[in-house]
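This document starts with one chain, in the form predicted on its own, laid out as structure tokens.
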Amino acid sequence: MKLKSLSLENVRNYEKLRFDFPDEKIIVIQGLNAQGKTNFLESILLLSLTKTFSNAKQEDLIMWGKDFARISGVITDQKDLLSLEFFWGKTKQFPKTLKINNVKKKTEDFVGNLQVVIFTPKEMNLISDPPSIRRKYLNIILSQTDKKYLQNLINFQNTLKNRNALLKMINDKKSKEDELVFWDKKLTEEGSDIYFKRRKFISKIQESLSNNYSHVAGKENLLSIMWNKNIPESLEDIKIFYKNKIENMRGKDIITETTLSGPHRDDFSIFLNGKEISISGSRGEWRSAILALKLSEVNYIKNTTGKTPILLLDDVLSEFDPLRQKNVLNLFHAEQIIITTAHPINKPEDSRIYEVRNGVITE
């Protein structure tokens, strides 16, 4: 899979941009900070997921003084060409619109057509930040590879919202407890599927995680992921487990007016040679662990969908010496790698280098 072109309108500091990607495998975009390097990669991620890796609201991604933004791109997968467009605005006058080949699509049909794996300095937060970051990590990968997962995730979030509203009404004596039966059943069905697919994914990438880490670190190590709670493996057993959990927690849920159990409370920890890396690992070990995860992501997406994702590296290679830079790039078997850097790097093989300045990209 490759991006052939990317067009931006009123996105961050890009008022108008049309970028045609060269045939080279590696595209390097270098420039000083605040010139638009990260914004360029962020736009690609938005075209892929309709969401960004930052916590910014979508209206904040629109250029100051403008009412709407548009990202469009053409991707190629072997001989097939596909055009994607993501349009959104600050008001209802400019509603969010997703298009594939100029035909409007729902989010679950749009996401997954442009598959990406991204590594930014913020990815290190996956190890140290709150559980919501790790759940987002899982959702990003699975949403790109499983449309049913994304649809189920959307449904689950709506069910959770409705159930929490009902819990508040029950606690305020405005509704009865037996009204929870309908929402509890939906929560069990949707939540169990999310649990199941998340654990299946982690189990799959565990197969290559240690090997990938050893390649990155240069010596043999054991890298593993452990869940914060023990949940059965089969989908049917998970449904029974989750159903019982919801029923047992109902009283506390009503008192707290929130659903205290489910995949929205999911979490995992990363261990290196039997020790939790967030506690005992060095910065170098953290970086190597995340790189190993990214290698496993690329392989997982390729093996699951038959398509090789585009790799986005945001200002991370500058921390490596020239030899390690070359070794890292060789580890990723991607058809297209887009790199941003604030510092000049040794020109990789099969690459083309561009410079960005004030939202303008030139060779």
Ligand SMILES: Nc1ncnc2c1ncn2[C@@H]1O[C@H](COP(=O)(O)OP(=O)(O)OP(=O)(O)O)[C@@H](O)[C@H]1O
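What you see is a predicted model; the values in this text were computed from it and never measured. Don't overthink the numbering: it's just position in the shown sequence, from 1.
The same protein has a further form, the form predicted in complex with this ligand, not shown here; the description that follows concerns it.
**Q** So this ligand isn't shown here. In the predicted complex, which residue out of N39, T50, N299, T305 has a non-hydrogen atom within 4.5 Å of it?
**A** Contact with this ligand in the predicted complex is made by N39 alone.
**Q** With a 4.5 Å heavy atom cut-off, would you call S351 a contact of this ligand in the predicted complex?
**A** Answer no; every heavy atom of S351 is more than 4.5 Å from this ligand in the predicted complex.
**Q** Is D67 close enough to this ligand in the predicted complex to count, meaning some heavy atom within 4.5 Å?
**A** Answer no; every heavy atom of D67 is more than 4.5 Å from this ligand in the predicted complex.
**Q** Does E335 reach this ligand in the predicted complex, with heavy atoms at most 4.5 Å apart?
**A** Looking in the predicted complex, residue contacts with this ligand do not include E335, since no heavy atom lies within 4.5 Å.
**Q** I62 near this ligand in the predicted complex, any heavy atom under 4.5 Å?
**A** Yes, I62 lies within 4.5 Å of this ligand in the predicted complex.
**Q** When this ligand is placed as it is in the predicted complex, which of 291-299, 305-313, 26-34, 324-332 ends up with heavy atoms within 4.5 Å of it?
**A** Only one stretch passes the 4.5 Å heavy-atom test: 26-34.
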